[in-house]
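First, one chain by itself: the form predicted on its own, in structure tokens.
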């Protein structure tokens, strides 16, 4: 069936209305460009409807329960009568619906919205067009633009041989919609998604086992953060098994039986719910990108640092690129692409200085280089590490946290002509790693520190409010500058 072809030529056609896509659209509209947005489902994408927002809503509920469980320590006599499933669902959906309504308004005001599945095609004159197929099976239309941006996001990865039935064995897309927690849950994968679900279910009464193939949880984080989080989970009663290989999963009468191997020894687990949380992959199948030759062997779109593909006028942003799979990274990439199309000389996103956040309990956040990366790049002697424990921070003690602030920085320069002299403290900050309450908020100051190559002495000179968790950042920078205050 031939598509109805529009005569209107937009400046930009964006395929995908998630964070990356609508970031391109909104920034381009702010630059005065004519934008068309193609979306087959709801604007907001996975982040708003199946990821960031619903998960953080339930994690907030879990955080309240964590406080409830330590009520006796706080001098409170409280009881927990269970979860109101309908109320839980209403809260979660209320957050999503409120944000979605506002986003729909902005999309309608700033773009021409086309509802349907977009597919990239090459026209007779060699330019890229987008065929839009409505979900209701209506007439296919062709939308044209001087530039086209692919922003179709990601889908959950699965494990070959393990069937996802959507009920007992689930991906995060399905698992988020529970109204009552499972009695026994096994989480396969200890990345951000897996660790967040463990934090979600455990305070609600679930017995949670985390199974990770690698030798530590959150393997992309600094090793100190991984160690601290695994220790905190085990102390709370969450069973964490690393270096564990899943051999198979079978489901019988609503119960999953998992065969795993840990350090060469076979083990069997049983669960009412199995979450496969081994990450997400690019959602580029049937987008036309393969036919245009812009995908790599893993299905990611190949671009330069700015998001441009080898096909003239075709760009990509967000999870379809092999960059950080984070909504705020997609926002940043979207801004760059829109600015570049508008003729602005905006630099590429520096993903090293993009904060990484995990909303587990305790929270984990980081920016810049890990200690291992810093030592690999600069050499052991050039790198110094300063760690400040939240056990010395008043608000950390009140919150019952034993987290930390870890600063990785250059040690300084040995004075010329002074053999054996100790390097001066306080070289530029290379990375900051946080574990503890509100780490995902506190990382903001650290992002500025690494992006601006600030030195600890400069940061230590900034007055930090007392008592506050934010104060722990100042204490860490004071110690890194060789002027420790409350820390040991």
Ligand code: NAD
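Residue numbers count along the first chain shown, from 1. Please read these numbers as outputs of a predicted model, since none were measured by experiment.
Note that the form predicted in complex with this ligand isn't included here; everything after this is about it.
Quiz item: Looking at 407, 244, 240, 186, which is the one with a non-hydrogen atom within 4.5 Å of this ligand in the predicted complex?
Solution: Answer to the contact question: 244.
Practice problem: Select from the listed residues 193, 143, 383, 228 the one whose heavy atoms reach within 4.5 Å of this ligand in the predicted complex. | Solution: Partner contact (heavy atom, 4.5 Å) among the options: 193.
Quiz item: Since the chain is shown here on its own, which stretch among 67 to 75, 335 to 343, 95 to 103, 270 to 278 would lie within 4.5 Å of this ligand in the predicted complex, judged by heavy atoms?
Solution: Careful reading of the contacts points to 270 to 278.
Quiz item: Does residue 331 reach this ligand in the predicted complex if we count a contact as any heavy atom within 4.5 Å?
Solution: Residue 331: no contact with this ligand in the predicted complex.
Quiz item: Would residue 211 count as a contact of this ligand in the predicted complex, using a 4.5 angstroms cut-off between non-hydrogen atoms?
Solution: Close contact exists here: in the predicted complex, residue 211 approaches this ligand to within 4.5 Å, heavy atoms only.
Quiz item: According to a 4.5 angstroms non-hydrogen atom cut-off, is residue 219 in contact with this ligand in the predicted complex?
Solution: Because a heavy atom of residue 219 falls inside 4.5 Å of this ligand in the predicted complex, the answer is yes.
Quiz item: Does residue 206 reach this ligand in the predicted complex if we count a contact as any heavy atom within 4.5 Å?
Solution: No, residue 206 sits far enough from this ligand in the predicted complex that none of its heavy atoms falls within 4.5 Å.
Quiz item: What residues in 345 to 363 sit within 4.5 Å of this ligand in the predicted complex, counting heavy atoms only?
Solution: Sequence-ordered list: 357, 358, 359.
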